[in-house]
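Listed next as structure tokens is one chain, alone, in the form predicted alone.
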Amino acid sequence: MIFLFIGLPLVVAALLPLIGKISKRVLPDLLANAVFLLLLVLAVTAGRQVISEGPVLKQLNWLGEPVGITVAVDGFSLFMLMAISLLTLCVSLYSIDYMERYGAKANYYALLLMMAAGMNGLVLVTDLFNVYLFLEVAAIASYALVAYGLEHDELEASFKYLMLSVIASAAILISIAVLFGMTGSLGFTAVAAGLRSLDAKFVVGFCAALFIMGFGLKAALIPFHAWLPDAHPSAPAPISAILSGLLIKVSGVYALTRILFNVFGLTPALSQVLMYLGAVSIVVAAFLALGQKDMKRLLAYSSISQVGYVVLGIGIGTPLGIAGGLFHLFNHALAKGLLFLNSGSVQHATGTRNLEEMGGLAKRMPVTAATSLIGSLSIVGVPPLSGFWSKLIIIMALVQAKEWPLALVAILASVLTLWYYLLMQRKAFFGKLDEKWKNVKEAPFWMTASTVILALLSIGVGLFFSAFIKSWIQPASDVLARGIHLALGSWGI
């Protein structure tokens, strides 16, 4: 069953261009959304199995012979699978109406399924080479999707994203090659055991630096963020939601934390590096977001800032910090996916992303305005929405770890976040309605439905945060926390 997370979207992605020759709209819409719904059902089913029986490990076989791909579902990978399945389904539903103006919907869904397969594969595999392989599968699909409209800005942003991503991939591949040369293995467990049997502190430091640079660029942490403010605004709105809500976290944060915690073990030095990278990203990106007039560009800089919170929380290395970081990862996926979809709804209705040209749209688009407000307040950290609890847990973990300056940074940056989100809401949705928008209508049904689902999830997770943390966050946090004990015992710290 686990291999369906990878194989099913890849098979359907291969068939969709042919199906598109028969039906340009109805069949691609039905088939793609049915696959994403099935993947969500599979994630829930896998979750029940992991909760009742523990981690599941499977070896791929082909014609009775084992193939060099082993996949595993533990608490961390299950948590990521749930996030991927939820957001990709909402994005796919949104695309039914939104992608009508682009045409070639079968090709679009094929690329979206390919990206989902790459992300699912990345969180399931148990060796370094296949991490790199599925990282590239997701990345190749994302390059094409950023440039999907074939406009000048989209092509330029995609090319910039491609060039910088190649640098990141090269750094990651060099680090994998060095580790293979040192240990003769690629599996997480085997590499970890090999490094601990050698006096390899220098090699670990060198490889960790390459991984931080490579995955940090994938996650768009400052100073590795240059590609994101162009790629996210230029891409179609549903792709912006996937890139910001999922891809930078899966190919950046997940991959980095999985390797640093479960292969190297999180040492105090690595913990400090992660915390300060996160803190710098939080502050610098928040100030950059303040000066933006382009709605999607503001959201792009906000993504960098909020990923900083995730990395800051995980970098603390305490169980509370890790839980807060992972919880914020999920909350940001919901809220930022929602906000990027809403930005697409506004652009679909008005033809512009410039906040200075908007105003009063809540009178014509009340559902979009309401869901946008919910997403904004969740990211800011207003109770009882889900984002409040994850930020609170991160700040509590910083105080518990006696990281007082970083706790103050996290609090003050939330004030900046509130500032620029209130500005966005005021400029776009409140105030006097401009005469040129008097005929604007609410977004079509599927676009509105998907944003309502994400808004309700942000509210629901916030109201029942304790149960959510216990059932989904804690098992993921426990997987990473084991890496702390591994490091402290093995490196003589």
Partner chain sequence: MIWQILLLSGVVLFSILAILSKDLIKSAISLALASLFLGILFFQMNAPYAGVFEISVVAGLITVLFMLTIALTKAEGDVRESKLARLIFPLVFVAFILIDVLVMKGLLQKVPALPETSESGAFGDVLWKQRTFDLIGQLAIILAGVFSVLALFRKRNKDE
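This one's a predicted model, so the numbers in the text were calculated from it and none came from an experiment. Positions refer to the first chain, counted from 1.
Below: the form predicted in complex with the partner chain, not depicted.
- In summary, among the residues Ala279, Ala323, Leu361, Ala147, the only one with a non-hydrogen atom within 4.5 Å of the partner chain in the predicted bound form is Ala147.
- Remark: Glu357 does not count among the residues lining the partner chain in the predicted bound form, judged by a heavy atom distance of 4.5 Å or less.
- Contact between Ile22 and the partner chain in the predicted bound form is not found at the 4.5 Å heavy atom cutoff.
- Among residues of the shown chain, Val203 is one whose heavy atoms approach the partner chain to within 4.5 Å in the predicted bound form.
- Contact between Met114 and the partner chain in the predicted bound form is found at the 4.5 Å heavy atom cutoff.
- No member of the trio Val73, Tyr301 and Ser303 reaches the partner chain in the predicted bound form with any non-hydrogen atom inside 4.5 Å.
- Proximity to the partner chain in the predicted bound form, taken as heavy atoms within 4.5 Å, picks out 180-188 from the listed stretches 180-188, 333-341, 248-256, 90-98.
- Of all the residues from 4-38, those having a non-hydrogen atom no more than 4.5 Å from the partner chain in the predicted bound form are Ile6, Leu10, Ala13, Ala14, Pro17, Lys24, Arg25.
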